[in-house]
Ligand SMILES: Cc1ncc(COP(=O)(O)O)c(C=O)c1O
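Below, in structure tokens: the form predicted on its own, a single chain.
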């Protein structure tokens, strides 16, 4: 008797939207091969390597360490360094036991979503916002509710928005500074959100991976607050990717309440065993004084690049900009130029070699007429990109 082999189709949970900025990177790489003139303002990452002490520690670890499995929640040395970083930066009491090291902040989000939410649970996110929140939650069977966060609230959620929901959600995700807008939540508002979540049994997940990259006097380091300053029942997400200039090292962390740690231990030990060992040995030195001096130098460059864009884009007729308090993004509405930002960005790349990210990833309603520009690159590249865009727009 013969049996017909059934060809498996893709799972329903996998049919989430693609991360379209990756298509932009692919197209930019092809342009670089064919023309050699690409200026990539689409990448959400620093254009610099890891700090010198991290690189030295990596070379030493290659010679001296086994680089086998570590503890699931990370090495004691790295967890202690991360705890000290939070104690020194925010004046809050954090112990190494509060820290869970993960395979990138992406790994942290997946683990906490699995540990805290069941299929069918409602989780609230801001729109515009980072698409992986929405798409990962959807893949895990959660119901995602987007709050329309526009210029009136500086593209950030408010307690008023939560009060307007028919019932308290299982979770709320906030990001400050945010991707793609770069806006920050006022410390008093973040505290109010944390208190509301505690009172209503909602898990607050605070994405703080862009901390350290802030600009105006109204959004300086003293105004950068952490959710754990108000609520230790919240979850704080951190990473060495953005401020620390270590995206490809795939290392993130969480500060988590004690009650969630057993679930995280069970899940992480089964799903990843441990974060990358070499990255852990090296990342301990990302918090050194020498590293921080180097990294703060990058932030000063970002500030110069930001000023160039906030001055130069209006000269090109692109005037509807998010405030860009922090991170390294300028987010702009170009409805006066197009209702198809994906096509517009493709034409810009083909005509000038300048690669930008269309807003399609970040806003399911208005992304068709918004763009995100990353200013993490060289200042000369920002200047040249503005000049090419000016020629493209006939300005």
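It should be emphasised that the depicted structure is a prediction, and the values quoted were computed from it without experimental measurement. Positions refer to the first chain, counted from 1.
Quick note: we don't show the form predicted together with the named molecule, though the next part is all about it.
Novice: Which one of these stretches, 293-301, 90-98, 201-209, 311-319, sits within 4.5 Å of the named molecule in the predicted bound form when only heavy atoms are counted?
Specialist: Selected stretch: 201-209.
Novice: Residue 171 near the named molecule in the predicted bound form, any heavy atom under 4.5 Å?
Specialist: Residue 171 lies outside the contact set for the named molecule.
Novice: With the cut-off set at 4.5 Å between non-hydrogen atoms, does residue 130 touch the named molecule in the predicted bound form?
Specialist: Contact check for residue 130: yes, within 4.5 Å of the named molecule in the predicted bound form.
Novice: Can you work out whether residue 134 and the named molecule are in contact in the predicted bound form, taking contact to mean some heavy atom pair no more than 4.5 Å apart?
Specialist: No.
Novice: Is the gap between residue 104 and the named molecule in the predicted bound form 4.5 Å or less for some heavy atom pair?
Specialist: Residue-level check for residue 104: yes, a contact with the named molecule.
Novice: Kindly confirm or deny that 109, 179 and 250 each have some heavy atom within 4.5 angstroms of the named molecule in the predicted bound form.
Specialist: Yes: each residue has a heavy atom within 4.5 Å of the partner.
Novice: Go through 242, 86, 79, 306 and name the one with a heavy atom inside 4.5 Å of the named molecule in the predicted bound form.
Specialist: Flagged contact: 242.
Novice: So which residues in 342-367, when you check the named molecule in the predicted bound form, have a heavy atom no farther than 4.5 Å from it?
Specialist: Counting only heavy atoms within 4.5 Å of the named molecule in the predicted bound form, no residue of 342-367 makes contact.
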